[in-house]
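Consider the single chain below, provided in structure tokens and representing the form predicted on its own.
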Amino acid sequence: MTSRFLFVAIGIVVLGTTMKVPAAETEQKLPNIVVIYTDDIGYADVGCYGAAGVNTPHIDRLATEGLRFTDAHCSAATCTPSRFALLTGSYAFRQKGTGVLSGDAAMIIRPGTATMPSLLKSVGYTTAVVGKWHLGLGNGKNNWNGRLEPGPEAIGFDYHFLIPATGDRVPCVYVEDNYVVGADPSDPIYTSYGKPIGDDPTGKDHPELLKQRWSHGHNATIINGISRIGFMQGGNRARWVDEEMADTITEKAVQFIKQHRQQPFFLYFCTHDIHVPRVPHQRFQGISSMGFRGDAIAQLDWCVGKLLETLDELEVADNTLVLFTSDNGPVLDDGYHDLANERIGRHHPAGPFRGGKYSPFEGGTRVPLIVRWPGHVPTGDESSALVGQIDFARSLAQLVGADVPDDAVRDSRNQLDALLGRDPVGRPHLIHEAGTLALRQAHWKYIPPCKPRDGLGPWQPTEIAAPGALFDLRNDPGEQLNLAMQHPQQLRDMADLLARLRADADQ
């Protein structure tokens, strides 16, 4: 048996019971892989993790049919560095310029870098990214009226349909295979993140034109009744309608699956929900008790349901590994007045954990992770293994037998056994990036001296004084009791380990 079919040997053992598989069935084709990467979904923002005020039946179905992780983490408490780490298998702090990007930034993953999609492509996968990108495009001097390169094709994606940055940043257009969709040469697109350009009204000067008011930082060009970060001129025919965004990207994802159902495919599906501006389609408005933030969660669940429905209809679900997770923890007011704070009710977006988006506390990076692969992953079960998205690249390469170059995915570990529910422990340590670098080691959490954001916004920074904070998450998941003075050696050991890991990936 070649290494490419290693997954078969792993898959014939479920919950410790060996199944008898006829020899003719062991030469299965490679499994399809779908990574559903949501935006700003906190640990408890979906039903199977304890959400209140909104129903998520399709995501809950994934948990019923798969494995739900309770100690899974993105690599950073903001989107760009998490996405960078997920695809490259390298912590974002190792490369300058990997913070939250503007909408006209250059692509930060260098062309030719070994990535999760390029490794899968090397063994025959057709690969696609659909949805939010936020890793930059081109060389930093983008011509939105011509070919945008390099793009995702330079790091292993065969097809892309992108929200270039975020919904709250210009340009508010889609990009498909390196070109703006609907671009009109007679109405060229220009953007600026400095001086105002164009004649379009801004949220700062014309609040009476807004259908969703800005609260902080989102007061530049008005597009579709919503003011954005940055200025945009032209491209009127190409501009998206926020209420239709989920439908648009989901349809593109469904089309890709249908077109490539006869061959192994990898789909990286990046929802915009529930990032701001939260403007769900009219059919979802009012469906939750939490205003547009809750309604956007319901819309996200619908997107998941459409993908699962497609896999079922095409009869490929049994040979498809689905991973559902998020790029960082939750946030309420993140720039717009959308009643996220006022209508939160009994819902606790981060569950029992402290902090959220932008924070080094657990709520910043502890996110949902559900893994479903029929016949290979326990069903309706949960795992407390410490797992990180940083390991997806090497683990999936191991699954499909892809050769990993010596200098590639430097921080990524093979955690396939943990992801398939066979290892209850997981990683020995995991770095969290949120302005500062924090460290998890087993049930211990170390945060160095800093002024972290503490809450779901607007934020009043707390202060962690020297020598830093040490929390025992086993007894204090809410990180309320700093044990630095009671366990000084544990704190020093973790501080030393973090320093070594920061300097050298091979620890």
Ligand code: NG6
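Bear in mind the structure is a predicted one, so any value in this text is a computation, not a measurement. Throughout, we count residues from 1 along the sequence that is shown.
Unshown form predicted in complex with the named molecule; subsequent notes refer to it.
Among 192 to 200, 388 to 396, 241 to 249, 75 to 83, which stretch has residues with heavy atoms no more than 4.5 Å from the named molecule in the predicted bound form?
Comparing against the named molecule in the predicted bound form, the contact stretch is 75 to 83.
Considering non-hydrogen atoms and a 4.5 Å limit, does the named molecule approach H216 in the predicted bound form?
Contact with the named molecule, yes.
Is there a non-hydrogen atom of V404 within 4.5 angstroms of a non-hydrogen atom of the named molecule in the predicted bound form?
No.
Wondering, does R293 line up within 4.5 Å of the named molecule in the predicted bound form on heavy atoms?
Close contact is absent here: in the predicted bound form, R293 is far from the named molecule, nothing within 4.5 Å, heavy atoms only.
So in the predicted bound form, does D411 come within 4.5 Å of the named molecule, heavy atom to heavy atom?
Because no heavy atom of D411 falls inside 4.5 Å of the named molecule in the predicted bound form, the answer is no.
Between the options Y268, W373, Y358, F265, which residue brings a heavy atom to within 4.5 Å of the named molecule in the predicted bound form?
The residue from Y268, W373, Y358, F265 that makes the contact is Y358.
Only counting heavy atoms and a 4.5 Å limit, does any residue of 151 to 186 reach the named molecule in the predicted bound form, and if so which ones?
Counting only heavy atoms within 4.5 Å of the named molecule in the predicted bound form, the contacting residues of 151 to 186 are T166, D168, R169.
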